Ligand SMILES: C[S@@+](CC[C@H](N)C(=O)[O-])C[C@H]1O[C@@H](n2cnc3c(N)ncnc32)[C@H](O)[C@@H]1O
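This document starts with one chain, in the form predicted alone, laid out as structure tokens.
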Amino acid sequence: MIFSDRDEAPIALDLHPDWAGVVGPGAAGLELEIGSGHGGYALAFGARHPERVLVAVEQRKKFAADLRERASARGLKNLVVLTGDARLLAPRLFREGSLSAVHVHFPDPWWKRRHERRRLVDDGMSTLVLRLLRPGGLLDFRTDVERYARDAVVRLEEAGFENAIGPGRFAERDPDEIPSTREKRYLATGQPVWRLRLTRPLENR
């Protein structure tokens, strides 16, 4: 079992949860954050978008527990914090085409060859995220590592994602975009961030 911030109600991993029953009618706008870290993005999202639901998955138990406690203290019922590996949890938690957006911010690039299987943007994970998004659904990817960004855009586009601004191109920062805890430091220092805003193609084109 894993637990949400709603009175520690258990969510079974062997079946796709009834998200409408877990978080209420807002599940129509169901989104996933992979690797929530210190939770700056998730908390700001929950406060800014009460009409949408964000499921934040974090492997580090302490980070997840801290975020869950902060979300509960702020009364963010539209933010569900789960502990675990998104590679394993996502296909159990979400049906194909059920997510309106997936957020991946500053993942570890895992440069060593023996660690490549841990990358979030590999062929298997790219295909999984594409499948879980609904047609027109958004992948919001950000990294501070240029080489990883350039590898990622090629891999994701090859997996089937559409890049509205052109193949291989990176997006500009939207002034209304919510920065993560880490990104706030980069905005203050001027360190570059590479952004991808890719979508699952609409059907019947």
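Since the model is a prediction, treat every value here as computed from it, not as a measurement. The first residue of the shown sequence is 1; numbering continues from there.
The following text describes the form predicted in complex with this ligand, which does not appear among the structures shown.
- With respect to this ligand in the model of the complex, the three residues Val57, Arg87 and Arg182 uniformly fall within 4.5 angstroms at the level of their nearest heavy atom.
- Contact between Asp108 and this ligand in the model of the complex is found at the 4.5 Å heavy atom cutoff.
- The shortest heavy atom separation between Gly37 and this ligand in the model of the complex is within 4.5 Å.
- This ligand is not drawn, but in the model of the complex it has no heavy atom within 4.5 Å of Phe161.
- For Phe63, a non-hydrogen atom is located within 4.5 Å of this ligand in the model of the complex, even though that partner is not displayed.
- From the list 66-74, 167-175, 29-37, 132-140, the contact stretch for this ligand in the model of the complex under a 4.5 Å heavy atom rule is 29-37.
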